[in-house]
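Given next, in structure tokens, is a single chain: the form predicted alone.
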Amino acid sequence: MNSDLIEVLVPIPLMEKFSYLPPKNSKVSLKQGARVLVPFGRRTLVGVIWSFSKKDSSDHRKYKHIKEVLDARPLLDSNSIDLAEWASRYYHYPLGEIISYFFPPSIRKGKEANFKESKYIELTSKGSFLKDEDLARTPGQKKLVSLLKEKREITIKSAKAFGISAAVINGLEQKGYISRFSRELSPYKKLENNKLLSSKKLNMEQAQAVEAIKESQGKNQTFLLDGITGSGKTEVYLQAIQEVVNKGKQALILIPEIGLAPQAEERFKEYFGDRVMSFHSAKNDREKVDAWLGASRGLVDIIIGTRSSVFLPMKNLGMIVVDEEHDLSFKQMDKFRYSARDMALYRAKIEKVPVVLASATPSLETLKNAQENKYKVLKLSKRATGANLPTFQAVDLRGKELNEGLTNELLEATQLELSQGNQVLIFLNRRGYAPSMICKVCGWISNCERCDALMTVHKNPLKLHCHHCEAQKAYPNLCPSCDSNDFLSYGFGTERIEEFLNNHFPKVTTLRIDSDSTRKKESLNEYFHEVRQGKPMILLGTQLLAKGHHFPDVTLVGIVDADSGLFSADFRGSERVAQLMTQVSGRAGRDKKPGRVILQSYCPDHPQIEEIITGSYDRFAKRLLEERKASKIPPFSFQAKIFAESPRSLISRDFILNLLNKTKIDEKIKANVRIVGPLPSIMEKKSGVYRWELSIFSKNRSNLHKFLDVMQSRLYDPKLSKQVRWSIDVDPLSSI
């Protein structure tokens, strides 16, 4: 009916939906979840139909018509719609912008949601009755008709390969003898054979875990697969997923880093062949669209992807796995600040499927939920290969002379392992050549002009680079302050240690693996292929090497700077360090060869270093949970932050002060929240703006969200917020 109004979501930073009239002179059915083109001011935007309403007779506003309906069938199902609505409420973020996360870029912009199409030609009913003599005077047309009678249809591209020109095709088409049509070319073929292609024998703990997960099919049950490094967690959920695939359902596996995708995809293809695909930001747009369509149409069974994969529409979801569930990469740190792990938990609840959270170092939030029996714990206490955990040695750096950041003990141990044909992993979570440069004459330091941070020295190519705002400068020939050319590169990065190792071990390959050396699309795959050859070598890298990788020939792990993060201003800092150290240590001795770990530290008697040396992350986590409980901080309370950014520090601060002073909060709500701030962020100046924040804590999640609802309504007041950029972060994980 013409009086009906259609509520449309458009991708703009406002909380409301916008009402439109149906398109003029169109009989296309309008359905929730379909895309439409709508006029919005002077622009035309791609929106999504969300709901329908009747126009009230007292409503005299003039509504615009929808310009065009882009989809005959909705692209979003009811489960995706429920997930989006929950995310908007929980993260206090505009629903119109959240919806854009459910589509690949080209579909978001209004392109057709189809696989790549190929153009074909075929004979019409009229053309099928043609005889050879009818085309005797046109040998080209005669050749094409004969070809189509033999093959029924051919692509226009292949017709040209047979020597048939466009003029011949056009001539037959004009006479009505042939017609053109297009067909989607899906890169996926749905295979009916669900036979397990290979499987490993499971130990008792693994087998019990697989059975527990299998028994949960069709129910919403959350499992914590808590296994030490190398305990075979991947094998457990691989075999559990086989049950899902056998029932004609799909599995979604979330991984924290793109670097883990090739290894995971290869492992899954050993089991499931071509029924596996991956989805992440390194894919081009065509690959993303194909993956999106393959998942939504049920053409693939296994989808492996990074955090954005949690939004993929799936025809028949049967299980979700969040691998390395503790990882910070599952949390988006800007704009829509969602946690893919928590989104996965809610999606599993909506779709009534089990979800497996796998980690050797579970987050404290997850451990608390497990202690309260909200999650079922599946414990793997032994390495799948039967190997022992590596032995630990702490090297006290106090008073020691270092060789470009490395002790003699670590270098001698490296030499020994290499001479025995083994591989060594050197870990330093600091890329570049050196963290800063200093003028030895006047003390000038390479500060970033846009951040409260130092610019890192890079040698290849030679430059200064801020890793916070990505600003870059040419390496100075003269000091900007005193014109001296006497500089000191202060500190150690992976480039500097690589240079030293190449000189110290000239006969052995040193592979530097960090975000600088792996920018090319296939470079990470090539590095890992070289590592798997088993030749003696040194792997030098950052946290790209720390998680999820299986390097059977690595027998020694050297941690260059074990103190990094021990004294962080962020209360989560110690948790992050323990997780990272435990994960990187777990790369040693995973197969038949015994492993050991050397930690270089200026405070080897620090309680956290001692706990890492004993190899007991569980004991450390329990102690930290007790501390958090006494302090009434997450996970024993719920937290949110309101950020304000502006070119001047006082404007950011005053914005939050005005927000607090001018917002009326119900006393019952106010009594159940604790407000800290406004305070400058740990790094106050970043990317040229000054950042202040307000932290809100509450024992009750509902009270926290009621408080944020009131605050949010005030934040959209243009009189208050016109000079700042603000954002809300629910369940923040970082204070940088």
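All residue numbers refer to positions in the sequence shown, first residue = 1. None of these values were measured; they are calculated from a predicted model.
Keep in mind that the form predicted in complex with adenosine-5'-diphosphate is not shown, yet the notes after this line are about it.
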In the predicted bound form, residue 200 touching adenosine-5'-diphosphate (heavy atom, 4.5 Å): yes
Touches adenosine-5'-diphosphate in the predicted bound form: residue 430 (any heavy atom, 4.5 Å): no
adenosine-5'-diphosphate contact at residue 235 in the predicted bound form, heavy atom, 4.5 Å: yes
Close approach of residue 550 to adenosine-5'-diphosphate in the predicted bound form, 4.5 Å, heavy atom: yes
100, 118, 220, 385 - the one with a heavy atom within 4.5 Å of adenosine-5'-diphosphate in the predicted bound form: 385
Heavy atom within 4.5 Å of adenosine-5'-diphosphate in the predicted bound form - the one residue of 141, 216, 339, 206 that qualifies: 206
Region of this chain that lies against adenosine-5'-diphosphate in the predicted bound form, out of 308-316, 509-517, 154-162, 224-232 [heavy atom, 4.5 Å]: 224-232
Contact set, 265-280 vs adenosine-5'-diphosphate in the predicted bound form - heavy atom within 4.5 angstroms: 267
